[in-house]
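First, one chain by itself in C-alpha cells, the form predicted on its own.
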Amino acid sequence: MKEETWKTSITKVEPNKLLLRGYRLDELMGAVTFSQGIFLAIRGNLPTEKEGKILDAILVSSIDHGVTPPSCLAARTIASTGAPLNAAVAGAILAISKHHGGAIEDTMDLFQKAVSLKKTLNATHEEAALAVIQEYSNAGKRLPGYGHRLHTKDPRSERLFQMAYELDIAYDYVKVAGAIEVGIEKTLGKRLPLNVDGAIAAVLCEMGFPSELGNAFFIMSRVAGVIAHVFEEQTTMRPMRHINPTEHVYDGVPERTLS
C-alpha cells in the first residue's frame, strides 16, 4: 500500500539542486550570513538589513556565559567520561530549560500580554506594565526576563536595546520591557534588571516571531560556546575529573578591544 503523501514547505531536494524556501542553497552561500539563513529557514523569507543585524547581535549575545551554567557543566561532565562531542552537546541542550536559558518564551508571553493590554485599554506603556506586574504579583508568579544572579545591569541587554533604537525597530515591546523594569522597582521596592533573555524576548516580539520559538534562539547561540567548552575539556583535562565550577580560574588572553 502506498504511504500517504505529506508536504513540507521548507526544503526541496533534487539531483544537483537544493532549494531552501525557494532559493538555491548554492546561490545563498556567500551571499547571506548564517543568521540571515536562519531567518529564512524559520520565517520563509529573507530578513531586512535591520532584522539581519539585530538577529546577528542576538545570536552573539548568548554564545557563552562561563563554566558555571548547567548546560556547560553538563557538557563538560559528559565530555570528561570520554563521550563524543555530539553526546556532550546534546546533554548541554537538554539542560536548557525553565530556569536556565528557557525564560525567553515565557518573557515573550509576558510582553505580548502587556502590549495587548495597552491596546485594549488604550493605556500607556507604563500603565500596561504596572497592570501585568500587579497581575503576576497577585498570582504569586515570578516575572520572567528580570533579575540576574551576577549582573546588576546586564551589558548584553543594554547593547541589544541600544541597537534596537539605532535600527529603528524599538516599538511597543521594547518600550513595555523598559517600563516593566521601572515598574518593578516602583511597586515591589527592588531593582530587577532586564536580563539578556528579556531583551532577546522583546526584540523577537518586535520582529514578529512566535513565543514558541523564543528558546530556540538561545539554544542556537549557546551551542557554539558549548562546543568550545567540550573541545577544551577533551583536549586539556584529565578524564573523569571532579568538576567544581567555583574553583576554576581564567587563563585566556587579557581583555582586548575591537580595532
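So that there is no doubt, residue numbering starts at 1 and follows the sequence shown. No experiment lies behind these values; they were computed from the predicted model shown.
We do not show the form predicted together with another copy of the chain, though everything after this point is about it.
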Out of 116-124, 68-76, 169-177, 130-138, where are the residues with a heavy atom within 4.5 Å of another copy of the chain in the predicted bound form? 68-76
State yes or no: in the predicted bound form, is some non-hydrogen atom of G183 no more than 4.5 angstroms from a non-hydrogen atom of another copy of the chain? no
Contact between L150 and another copy of the chain in the predicted bound form at 4.5 Å, heavy atoms? yes
Taking another copy of the chain as it sits in the predicted bound form, is T33 near enough to touch it, meaning that at least one heavy atom pair lies within 4.5 angstroms? yes
Can you tell me if L94 lies within 4.5 angstroms of another copy of the chain in the predicted bound form, counting non-hydrogen atoms only? yes
Contacts from 41-73 to another copy of the chain in the predicted bound form (any heavy atom within 4.5 Å), listed N to C, are A41, I42, G44, N45, L46, D56, A57, L59, V60, S61, I63, D64, H65, G66, V67, T68, P70, L73
